[in-house]
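Two versions of one and the same chain are coming, encoded as structure tokens; call them structure 1 and structure 2.
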Structure 1
């Protein structure tokens, strides 16, 4: 009997299946330090316990995207080991801050399947939840992937395509208990721009760039216990190890500090596309566009909806060609909600 994990194929998924993922992970100050070594992370709420306490939290949480990566990484052996493509994200919500010493695990539920017309692949939708040691859901998101069939003759399942929100409503966003920006220190945070200073449609070039290295993206991807071999094994990908899309997300988000230093907490992920692959040697830059703004009902706290685009080369603010396809230098097009002091 083969002891290694062959991964799941399209015919192995059915709507309603619940997949509890291995391996639980206690996140510590080690992960916190590494996140700041791997990315130019400077958002004050995630850098200083004192700053976080002044905002009503118990201490500085683990970066929201680090929590996402930990939850996501666990799903790889069950969801995307035989995936052909990572097609999209929706309805991502951060429900509780994650602190050092919390232990996270992940569970996914299959919410949609649709065989492709070629009969060789299909699309699988899963809703993944990350839970802490108290079985509280700390975050959840939907993603869909294209997966190969092992047996091309396996019958097509009944098509189920879930209805997903294009954009989370402001009322869908979870504001951490106790969060309070009424004494927010803009000087310590690094920029004077408050929620009221941003206009819908405004674009921001984040200026800074980072040329990425093999060692760095592998350190990051391993830290999240993401085992997909495309990221690690040059004999499997002789043209270059593919950089984990989440590495690009974290790099772009942290680069966006320069211009969005006060977009402190990520609370919603509306959607995202990994437009083109990223390889070591690429120089990642980022720009943002303000898509929407909303009040939250919490004193001092506003929500801002941002498009975050990561690029390699090219000018900022260009996104798609006339035919609607992403330009070849665009790496990422992400749509998220963040919390800002009003």
Structure 2
């Protein structure tokens, strides 16, 4: 009996499969400390218990993206161990804050499959849910991954491409119970700019840059137990270990503090693409575009839809070429909803 896990290949997936992922993990304050050391995150709601309590929460939650990385990492051995690339995201919703001492686990359902024309790979769509110790769903998202076939002669499955929302409606967003920005302290948060100060179509150059080092990437992927071979094993990627896409997302989000310090909580992920690979030595910079705004009906709380673009050099605000392809220096194109004081 073979006891090791070679990971699933494209022909191993079928629509309707439910994949419960190992291993549950209790999140601690150490998670926050490591996350802030790696990026370093500065949004006040995730940095200070007192600031969070003043905004109606019981204490400072774990960063939304740190919780996402925990949930995502659990799925890798079952979904993307043999992936060529993670292609995109949709319908992501943060439904409950995650606090230190919460225990998270992940479950995914296969909702689509499509073999590529080369017959060697295929795309798999999954909907993943992260649950806490009370079996409450704290977040959910769809992602699609290009996965190798173990046997190129294996018959192609019937193509099923799921219909996904291109954009979450404001009514789809979950506002944490008790959240209230009526007495929000802009001085402590770091910037005076509130929801009403941003205009749809406005672009923001976040100015700063961070050069990615091999060591921090390896620490991050191990922290979240992301075992995808392209991140560790040079025999799978001889041109260099591919930097985990979540590392790029978190770095870009942290850089966005300069200009969006009051975009406190990420509550929705409309879409995302890892446009080009990132390797150690690349310098990540970021810019944002305001795509939409909405009121939430919660005291002092507005929703702002943002495009976050991470690049490795080049001028800000350049996204795609005339042929519609991403510029070669664009690493990430992320479309998300955040909560901001009105």
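Predicted model only: the values in this text are computed from it and were never measured. Residue numbers count along the first chain shown, from 1. In this text, rigid core is short for the largest set of C-alphas that superpose within 1.5 Å between two forms.
- Structures 1 and 2, same chain in two forms; the form predicted together with another copy of the chain is found in structure 1.
- Annotation for residue 120: C-alpha shift of 2 angstroms or more between structure 1 and structure 2, rigid core superposed.
- Annotation: Cα of residue 234 displaced by at least 2 Å between structure 1 and structure 2, core superposition.
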